[in-house]
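Each of two forms of one protein chain follows alone as structure tokens, named structure 1 and structure 2.
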Structure 1
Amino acid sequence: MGGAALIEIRGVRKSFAGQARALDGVSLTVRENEFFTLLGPSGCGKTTLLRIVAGFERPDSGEVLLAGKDICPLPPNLRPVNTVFQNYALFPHLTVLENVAFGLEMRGAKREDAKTQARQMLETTMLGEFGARLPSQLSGGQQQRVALARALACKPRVLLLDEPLSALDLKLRRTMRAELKRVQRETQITFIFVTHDQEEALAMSDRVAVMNEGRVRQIGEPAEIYDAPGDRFVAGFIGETNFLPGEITGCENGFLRVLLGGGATVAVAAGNGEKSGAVTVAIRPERAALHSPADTAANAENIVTGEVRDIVYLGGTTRYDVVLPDGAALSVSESNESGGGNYAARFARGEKVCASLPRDSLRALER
């Protein structure tokens, strides 16, 4: 995705008394009209970084530029950004329309002009018929959209969202993901979204920055982050991944030869410059495929053998947990095509199987 840089974060560091460093030299760029997500586990620094952009925290060092200008000296109310928090912080005594118009009035808009703009934003967030209601008369999802409408009504250059969906149930969260993305596309406002939920990040984002221990580990489009993780942390945090220990024994035609612990040698795309030494081979469960030994060609490449340890039915898929000769675990996920109550697992617990590991789906990562 193209677009000019809107937010530039350069070498930002932040520490809190008695705690480890929250941000350790973070640098990244957010583009104009982009849905950009900061993703990582609790304590990784993502919310601290968002609060620094908003002006609620000051960095110990580094810069935050908006459209080329350093905004660190500016207080929150003078920055062209708005924030939607986990707690929607709606005024309980004001109607939905009055809640959305409140910020506009505080910025000097006439009451009728503010209400006109608020009605337009309620229509954008599909709340037009709820303007006369109080927040207590709304569902959690509707309250979330009121908070979104209020933040967008002032037309900020950047909207910051600090895990705004965390209080919603799973089905409603999925509905609101689509709503947030739709609103972002329609308003063309840059969104910076904070979450620990990998599915949210993959579903909504134009690009994702994966963070851990105060640092950015990888930035990329969702498919790039998922299919080509840059290190073991990213591979393990995004989705499910198998990790198989191995040793590089050579390189040929752009593929590494890696000897796995069970004695099998597999070809792995040489993506990170490795030439020798111990590595971890990573593969997603849905990229591997199981076969019976009788159906596996003698000259087939990237084949490992093992025994089915467990079978987990997951509705649309079945996961087979396979133990390899060296004791390493390999999970393989298969789509379930049969219906009408006719499901039957292809393999049984204790059955000997072969697993094919497509070389283009393998990644060699540092141990």
Structure 2
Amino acid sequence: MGGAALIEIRGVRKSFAGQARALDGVSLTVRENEFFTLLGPSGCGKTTLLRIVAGFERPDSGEVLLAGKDICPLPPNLRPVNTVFQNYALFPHLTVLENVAFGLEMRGAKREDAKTQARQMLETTMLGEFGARLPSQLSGGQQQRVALARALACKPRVLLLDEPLSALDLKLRRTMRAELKRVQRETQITFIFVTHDQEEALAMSDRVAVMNEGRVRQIGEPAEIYDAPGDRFVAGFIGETNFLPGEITGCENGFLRVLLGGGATVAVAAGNGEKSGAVTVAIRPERAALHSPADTAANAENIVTGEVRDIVYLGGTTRYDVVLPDGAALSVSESNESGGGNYAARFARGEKVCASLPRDSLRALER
């Protein structure tokens, strides 16, 4: 994606009276024509950061550059930035057409020209027939599309989306994801998307910034974030992860040797994580594989043993909850390949199993 930097956020801090610091020195860069996502649990500061970019809040310190120019002193109406609000914030007293034409008109377009452009905008978003209605007469999904059309009508440099899909039901949310992505590709407008839904973030984004407690924990492409989480928080927040406590005992050929609590020693890809001392070894459930103790020779190096505590059938996959000798829990997810209604679990509850942990899938993280 190597586009030029469009938005540069440098050391932004913000706190609200009587509350913990909302933003504690956030720096990041959003590139031109990028679908950039701010991901984090509620209260992590992602919405505050978005509001600072939009101009609704002023940072206590730090700066926000848009195409190299500090926009912090500008009020919202002077920033070439538009927002899709969480609950859409459509003007209830204006028709759909008037809502979409509002920004154009405020920017000085003649009322008739604004209406014409707005009408075209509605046509392209398949809302043409709803122009004369009031927002309250539309369904949630339609309101969502109006909010998007209204924000895009002004052709902003950056479009900010504040959890725009959270009010929709699951099915509609999936459809809208695809549509948002399509719109972003076609309009070539930079999107900054705020969400707490990691699936959404992974599915849509070019890059994701994971935030927690007012700080950015990791920035990267979805696969990078998923496969190479930089810390325990990121690993835990995105997808499911097993955390196994251990101790680094050495390092050879770019692999760390880690002694797990249960007595087994595993090799772990060194990456940019911890290099010594007490660590947590992380592995995704679908990256581990279970074997019966009989056939372990193939990968003798990274083997742990344990006992199946629980089996959960999830349709496409089956999850085995395994307890290791030191009491640590290890979830292993296997895809169910056998169709035709003759599914049977490979292992039984209480059965002794071996789990192989491929060394490239393991990460050693700070405890």
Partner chain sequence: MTESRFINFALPPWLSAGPAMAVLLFFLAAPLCIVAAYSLMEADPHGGVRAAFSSEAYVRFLFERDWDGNLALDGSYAAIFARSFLLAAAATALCLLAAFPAAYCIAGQPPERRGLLLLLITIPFWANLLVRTYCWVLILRDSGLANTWLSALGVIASPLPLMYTDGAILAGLAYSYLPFMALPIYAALEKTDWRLMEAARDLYAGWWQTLFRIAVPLARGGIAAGCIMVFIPSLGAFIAPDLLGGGRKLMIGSLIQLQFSSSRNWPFGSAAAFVLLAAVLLVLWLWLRRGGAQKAQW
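Predicted, not measured: the structure shown is a model, and the values here were computed from it. Under this definition, the rigid core comprises the largest set of C-alpha atoms superposing within 1.5 Å between the forms. Every residue number counts along structure 1's sequence, beginning with 1.
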query	finding
Matching structure (the form predicted on its own), either 1 or 2	1
Core-aligned CA displacement of L256 at least 2 Å between the two structures	no
Rigid-core frame, C-alpha of T265, shift of 2 angstroms or more between the two structures	no
Rigid-core frame, C-alpha of N99, shift of 2 angstroms or more between the two structures	yes
For E112, CA displacement between the two structures after the core is overlaid, in Å	3.7
